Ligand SMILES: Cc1ncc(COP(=O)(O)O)c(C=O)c1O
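Presented as structure tokens, the chain that follows is alone, the form predicted on its own.
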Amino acid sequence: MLDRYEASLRGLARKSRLRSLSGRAGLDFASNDYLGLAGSKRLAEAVATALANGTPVGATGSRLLRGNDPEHEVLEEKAASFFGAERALFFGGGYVANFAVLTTLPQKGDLVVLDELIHASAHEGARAGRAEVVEARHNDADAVDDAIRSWRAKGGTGRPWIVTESLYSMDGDRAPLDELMAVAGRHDAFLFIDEAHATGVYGHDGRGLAHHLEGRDNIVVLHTCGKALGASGALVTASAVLCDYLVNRCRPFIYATAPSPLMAVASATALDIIADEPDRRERLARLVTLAGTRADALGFKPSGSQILPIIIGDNGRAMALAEALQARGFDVRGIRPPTVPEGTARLRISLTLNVGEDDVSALFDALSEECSR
């Protein structure tokens, strides 16, 4: 009965792609807690105060039943104002939010154009939706434009949806948002921007790389709460009409138990922290500069962001390097296909305020030694 599953696992092992769970150990160069908020005293005190004041741990139902707590609404109102959107909706996580938007808002007869390197959740949501789906070359606005023109030439009459990350999770590079916005304008298209790795880190007061675009009718943005905000969940910001449509038509929203009200409290507090404490972004920027300089000296291309890929290529070699660094006290994880394209297995170095400049220097000293073995 289990033979085919065992055979599949053996096949993954032969390709150095077999995965297993491992706990936290060593200096944090693996998490997405970029601003070090997950363990912040201010966040913990806000949650503790909410508990003491009677905020329940669980929502106990969907938002359309008894699960709509005041804390959810406070967060959504604050997030809409903070990011410059008309409305915001709180989801349980970034994966489900991406899936929810792309299975609900693009309609039958529409076209979804995905960047080829976008999050897996966007690919899954688009495939499960009702619109036609095509991929475009990574960060190539002309390729997006060509895809839409080709679709129109073949008789496409619906609305195009351009889907991108603002800062890519595995390469740490930025999307050409203004160019994509221009493409959307030419084709009367929607632009859906996943700010997962930019929220809290970039933009005025940490409002993200797409902040200057928010508030437009054709802009939908996803802000995760489980990365730089240090909590969990995700916020979708959009026009009131689209948010109302999601409340009425989005099955992952309608039929899911609402996120914990405590996470709404934590996320709302995190928005206050990133606005009140700009020094966190400044300290992170210094780590990015240092790591980029050290990576360049070793022959690896700096990304210019807190996500620094050290491209190794071979799956086995990438994982062996990761294990060697872990044994030396640095929590660096290897990333292999299918998460990244074939032949681009890598170390994904994630820079966070859970480490300091001395730690970053020590990591690259160790990486230099291990690469020379």
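Throughout, we count residues from 1 along the sequence that is shown. None of these values were measured; they are calculated from a predicted model.
One more form of this protein exists, namely the form predicted in complex with the named molecule; it is left out here, but the text below deals with it.
- Residue heavy atoms within 4.5 Å of the named molecule in the model of the complex occur in exactly one stretch of 116-124, 276-284, 256-264, 182-190, and that stretch is 116-124.
- When the named molecule is considered in the model of the complex, T224 lines it closely, a heavy atom lying within 4.5 Å.
- Under a 4.5 angstroms non-hydrogen atom cutoff, the named molecule in the model of the complex lacks E71 among its neighbouring residues.
- Contact check for N98: a heavy atom falls within 4.5 Å of the named molecule in the model of the complex.
- Among residues of the shown chain, A196 is one whose heavy atoms approach the named molecule to within 4.5 Å in the model of the complex.
- S169 is the sole member of T104, N139, N218, S169 with a non-hydrogen atom lying within 4.5 angstroms of the named molecule in the model of the complex.
- Of the listed positions (P176, G93, P302, G109), a single one reaches within 4.5 angstroms of the named molecule by any non-hydrogen atom in the model of the complex, namely G93.
- For the stretch 151-168, the set of residues having any non-hydrogen atom within 4.5 angstroms of the named molecule in the model of the complex comprises only E165.
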